[in-house]
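The chain below stands alone and is given as structure tokens, in the form predicted alone.
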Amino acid sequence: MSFVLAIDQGTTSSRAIILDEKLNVRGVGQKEFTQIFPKPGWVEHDPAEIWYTVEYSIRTALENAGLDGSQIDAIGITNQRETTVAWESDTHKALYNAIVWQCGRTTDICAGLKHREPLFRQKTGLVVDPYFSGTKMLWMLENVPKVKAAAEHGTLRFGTIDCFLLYRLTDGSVHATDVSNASRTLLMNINTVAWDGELCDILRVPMGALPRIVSSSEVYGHTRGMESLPDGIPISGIAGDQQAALFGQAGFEDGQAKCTYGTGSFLLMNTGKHAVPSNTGLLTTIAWKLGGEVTYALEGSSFIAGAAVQWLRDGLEFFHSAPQVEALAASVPDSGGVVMVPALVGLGAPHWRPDARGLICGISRGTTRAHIARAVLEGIAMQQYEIIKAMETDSGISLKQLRVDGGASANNLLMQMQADFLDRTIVRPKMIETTALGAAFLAGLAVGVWKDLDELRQTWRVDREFEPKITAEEREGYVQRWKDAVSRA
């Protein structure tokens, strides 16, 4: 029996999942880590704590599976994508906290670069926004003396979390990132699939500090010097979390799309060999690279999804655990006219308004916690409505179904809302942890645990489908109320 370890390094926790070749989950480990907010709108993580939680999760998963580390055949990595780390090559130590994808500290830098946005769009498929890694690197070079000094000495290493983990897993012997993560930096040309000298010059990022760009499925290196694993295990799959989820959803064909509901929500549509430009505020990105062939995707990102439920739990203390939101929201037949725009860290696609903030409107004397909870779920679903409409416009494809995954996809009320607002079938697979599954697929393909995509396609199984239930008139009412609220956020 073959076993694949998937490391799923997310925004709020690190997970390790061990799968066997029949896709049975044999062991899971997970540990949350600290969210650091130095200033309003700033978000950081401690890279040392991230590494500790990864090792803890691996060790726990092995214990729960009853396996020894030597039984692992391959390791796959999936990660929060644009979050950026700077470290020193000699000591392997981070020079500053990781700047998280949600962080808005580079808003002014991005405003100063807006006149160059057509160039960035042409080469990277991205908009100039604090979301992406390049301006985070520039901020560190300008504001962190240790980063500037390491750049001058030639010992600076920049990378996204996948790159940082690969470096640590191999005891500093491999500095590489896959194409899906590189495509999120504002520094890689998605047409040449290489770092772009002109863009690196604009953002003043030394190319020598950047990792080697590799495919999403190949042997990059082997474990060395770890507490939880023996030396010599191949690390053979890497993809950013959203691309990994599309792969784990078996979204291998042109026009297939998925939405992952995590801290934020992320819609990706496979566009095959073609980098489809967007005229509606979406992103053109790379899904993965296999066997020398690049697959592209259209993407729409909402920065806040599950995090809005966490806010209800932690900030407003509406309930003790996030899954309780479903029962609370279902205790009323509708939101009572309340609309919530979950722009807690700005609006992503298709608006790209980092200055926007969360808004709750339509409150009356009759408004209860249940109405607000329901409005939060509706706001999460309405964000996907806007993105799907834009995606269909850009691609010329009318979706028949949307595959869903991530923790919040277990919320049946939210999934029914999604079907109602989109007027499309929502399909939830049996395994909703498709991000980790995609990383495992990519790693296993590289070492022969699975032979090809056809074998993987046969493993995908449906748990439940949600069909639209509301009328076109009701749907239009939701849309108009949403648009009015967004204009005020």
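All residue numbers are counted from 1 along the displayed sequence. Here, rigid core means the biggest group of C-alpha atoms that superpose within 1.5 Å across both forms. Everything quoted here is computed from the prediction, not taken from an experiment.
Not on display, but discussed next: the form predicted together with a small molecule.
The candidate spot formed by 132, 188 and 210 is out of contact with the small molecule in the model of the complex: none of the three has a heavy atom within 4.5 Å. For the candidate set 83, 418, 177, 263, a heavy atom within 4.5 Å of the small molecule in the model of the complex is found for exactly one residue, namely 263.
Of the residues 255, 230, 172, 407, just one reaches the small molecule in the model of the complex with a heavy atom at 4.5 Å or closer; this is 407. Heavy atoms of residue 362 never reach within 4.5 Å of the small molecule in the model of the complex, leaving it off the interface. In the model of the complex, residue 395 stays away from the small molecule, with no heavy atom inside 4.5 Å.
For the chain shown alone, residue 215 is not a contact residue for the small molecule in the model of the complex, no non-hydrogen atom being within 4.5 angstroms. Residue contact check for residue 329: none of its heavy atoms lie within 4.5 Å of the small molecule in the model of the complex.
Heavy atoms within 4.5 Å of the small molecule in the model of the complex are found in one stretch of 216 to 224, 117 to 125, 178 to 186, 317 to 325, which is 317 to 325.
A movement of the C-alpha atom of residue 92 falling short of 2 angstroms is seen between this form and the one not shown when the two forms are aligned on their rigid core. Superposed on the core, the two forms barely differ at residue 129: its CA moves less than 2 Å between this form and the one not shown. Core-superposed comparison between this form and the one not shown: the Cα of residue 153 travels less than 2 Å.
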